[in-house]
Structures are given as structure tokens and as C-alpha cells.
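Given as C-alpha cells, the chain that follows is alone and in the form predicted alone.
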């Protein structure tokens, strides 16, 4: 046995901020009830956009979780979401009071995030751009733009645009001095971060890692970009029914926002400090389609290899998987290819494994999606309830699996598969298992 597999990794803490609730119990209850978090966009005036709805986080206050919020005064919402979810995860793991107990070596406690780009100072950027353009001469005055920018742009907000700043905030605030990374592999980002954090522990570089992701693209540039790609649903007549994974009439995904954080820990380390073990992270694999920026390979080659690799890494067979949390974006290509990949890897077992997409209820959290979906798998194992795929009304002959349509199902799962397949063809699959000692 290689050194890589001698160290087992368990999950000892979790936290979320989502359109369905700012804590795990509230979120999971809403999922089981089949509630939708989709509604009209409030973050900005989207009335003229082809898509004017999203799954936003409403009523969020960082001060509900962090006593001194001054560090995040000029941060983007993604960093604030991350801070709140991280505080929950660390508290859930017994680490807020226990960090100075002598049982935790801060130098061996890392941070690995899959978090999106930071704050967008859209108003000032557009104002300075327009103010520096002379329509009569059709020339742009760069000197005027720079002068105005120095006066209107805030140094803290500008710094928080960098991808590494969210992970930096968490490490500095919570005193986590181990390896610190952030990856942004689109919709696979936080799943990949969790998988690579798992490997950091496996090879002995860390004992613990705070891993997960945070993201919000519900802003003018984000919605514009996805509309230009024709990736978003334009079902303005029925926003809450717009996200309909695997349904024949699906027409695109719905943007969501939020964060999911987990404390990953080496098993013996967790036992020594008396941690409450929630589940065991047993499998991880990542592949690239190397095909197109926005489309999965039509034969599902990358997804097939990814799912197969994660199952082999976990040492489980397809028939042992009790639940698949699908990437399930509600786009025509993605849902068809993911269904094809599951059928290819699972064979006859594909007919019997329950599959669902929680994006039907909370939209697509982009970089944060994978972490929140893995947390959903843990809750499904712990409670014995599987969340549904809502808005499933019209079966698609090319998507012919058991998608747990519209109503939660009571079922015992000992192993769950969570898929994240991102733009650019980045694929990540994780296997999480009930901890049995």
C-alpha cells in the first residue's frame, strides 16, 4: 500500500450559506421540502436582461457569525459568505474554542478553496469608463480614466478582486498557518479543492484542512456573460420552475450564490482530540475533457473516466453507491452527458441508483456548488433522506435514470457520489462514505 492511502480522511465540521438558508439544518430542511430559492434578481436592475431571475442569498449579515467584521469591510460578498460558512464549520468541528488546546498544530492546518473572483466595483468602473470617453472624437482619455480611478476605486476592494484573497482572509482571521491554496476550475472548483485538500492530508503535508468554496456571479457582468453564452434559462414566465435538470424541456441553468466549507481531518488526529466524525471522504478523481470551453465531450469521456476513477479510489463498486448527487445543471448537453456517463460506469446498477440535482432548488452556485452538494450528501447519509429533483415533469428518453422526481425519498445510503463538471471540461467526482470506525 502506498503512503497516499495510509492516512484516512474524515469530515469533522461543515457550514453553508445558500439561497435556502444560512445554516445546514435550514438548508437541508428546505431541500427535503422541495422549496425553490429562485426569484427576481434584487442585486441590480436586471429588467432588461434576457434572464432577470436567480437564486440569491437574502438577509445575510456577516455580523451574525463574525463579531468583528472590519477585515471584510471592503470585501466582495464571496469572501463574506466564506467567512460565515467557515465559522460554522470550525464551530461544528469543536475548533473555535479548541484551537489553543494544544491538540491542534496551526502549522499543519491548511486552507484549500475553490472560490470565485472577488468584488466587482461595477458602478465606479462603468462611470469612469463613460466619463473618460469623448463621443464627439470617439477617443478614450486614458489619463483621465486613471486619475478618476485613483479617486473612486478603493484599494481594499481592488485587492479583493484577486482569487487568493478569500483563502488569505480565512487563514489570517482563524490562524490557520498551513498550506494555503485557491483553485478556480469553474463549476468543479470547490470539489477539486476538497479532493486536493484530501490528498494534502493523505501524503502527510497536513493534519487538517479547511476546504470548500464560495462564489457569486449575480452581477451585471456575470449575468451578461452567461446570457451571451445562451447558458441561462430565460423562462421569465415561471422562474421557480426554470431550473429543471434532466427534464426534456430544460432550457438552461439558473444562477445561484453562496458558500460551503468543510473541515477535513486525518482520522487518528480527529480521534485524539475527540472530534465528532460526520463522515469519511473516501474517493476523489479529476479529469479534463480537453474538448470545448462550454460543452462536455458528447461521448462523456472525461465524465466517465472521472466517475470511474473516484469509485476505484474509494474502493467501492457502483452497486454500493446509494445516492448520486448529480452536477445536473439543467442544460441540454450537460444533463444528457452526465446521464450517459452514469449509465456507462454503473452498468445494470444505473437503473437502481437514486440520482438528484439540488440545483433544481438553489440554482447553480458555480465555484461553490460542489462543496454544498458534498455537504448535502453527508446530510443525506446522516438523516436517511434523499433530496428530490424538483420541476421534473417531462421525461427525456436520453435521461432515463431515477432522478427522485419532485419528492424527497427515505433511503439508507452508505456511500454517495458527488459529481462536478465545469466549463472548460474540468471534471471532479468525490465519494463520501458513512463512518464505520
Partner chain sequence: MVNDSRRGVVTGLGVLSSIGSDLETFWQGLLAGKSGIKRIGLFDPSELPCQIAGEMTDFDAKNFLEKKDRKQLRVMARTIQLAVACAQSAINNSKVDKSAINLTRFGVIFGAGMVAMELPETADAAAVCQMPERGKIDLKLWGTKGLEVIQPLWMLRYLPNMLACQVSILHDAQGPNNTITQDDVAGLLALGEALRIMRRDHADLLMVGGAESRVNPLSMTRQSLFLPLSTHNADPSKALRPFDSGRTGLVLGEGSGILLVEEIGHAKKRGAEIYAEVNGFGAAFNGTDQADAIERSIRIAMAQAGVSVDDVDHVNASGMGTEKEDRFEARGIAAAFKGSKDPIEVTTIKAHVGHLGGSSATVELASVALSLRHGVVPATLNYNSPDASCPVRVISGSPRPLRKPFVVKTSFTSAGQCAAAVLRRHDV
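All values derive from a computational prediction rather than experimental measurement. In this text, rigid core is short for the largest set of C-alphas that superpose within 1.5 Å between two forms. Residue numbers count along the first chain shown, from 1.
There is another form of the same protein, the form predicted together with its partner chain; it is not shown, and what comes next is about it.
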Contact label in the predicted complex: residue 176 to its partner chain, heavy atom within 4.5 Å
yes
Exercise. Using 4.5 Å between non-hydrogen atoms, is residue 87 touching its partner chain in the predicted complex?
Worked result: no
Next on the checklist: I'd like to know whether residue 296 contacts its partner chain in the predicted complex, with contact meaning heavy atoms within 4.5 angstroms.
Outcome noted: no
Quiz item: Any of the heavy atoms of residue 269 lying within 4.5 Å of its partner chain in the predicted complex?
Solution: no
Partner-free chain; cross-checking its partner chain in the predicted complex, the single residue of 336, 147, 74, 103 with a heavy atom within 4.5 Å is 147
Its partner chain in the predicted complex has a heavy atom of only one listed residue within 4.5 Å, and of 91, 168, 277, 340 that residue is 168
Here the chain appears without its partner; judged in the predicted complex, the stretch of 239 to 247, 199 to 207, 343 to 351, 76 to 84 with heavy atoms within 4.5 Å of its partner chain is 199 to 207
Of the residues spanning 408 to 437, the ones with some heavy atom within 4.5 Å of its partner chain in the predicted complex are 423, 424, 426
Exercise. Using the core for the fit, does the CA position of residue 181 change by 2 Å or more between this form and the one not shown?
Worked result: no
TODO: Classify residue 151 as shifted (yes) or not shifted (no) between this form and the one not shown, where shifted means its C-alpha moves by 2 Å or more with the rigid core superposed.
DONE: yes
- Query: Any CA movement of 2 Å or more for residue 276 between this form and the one not shown, core superposed?
  - Reply: no
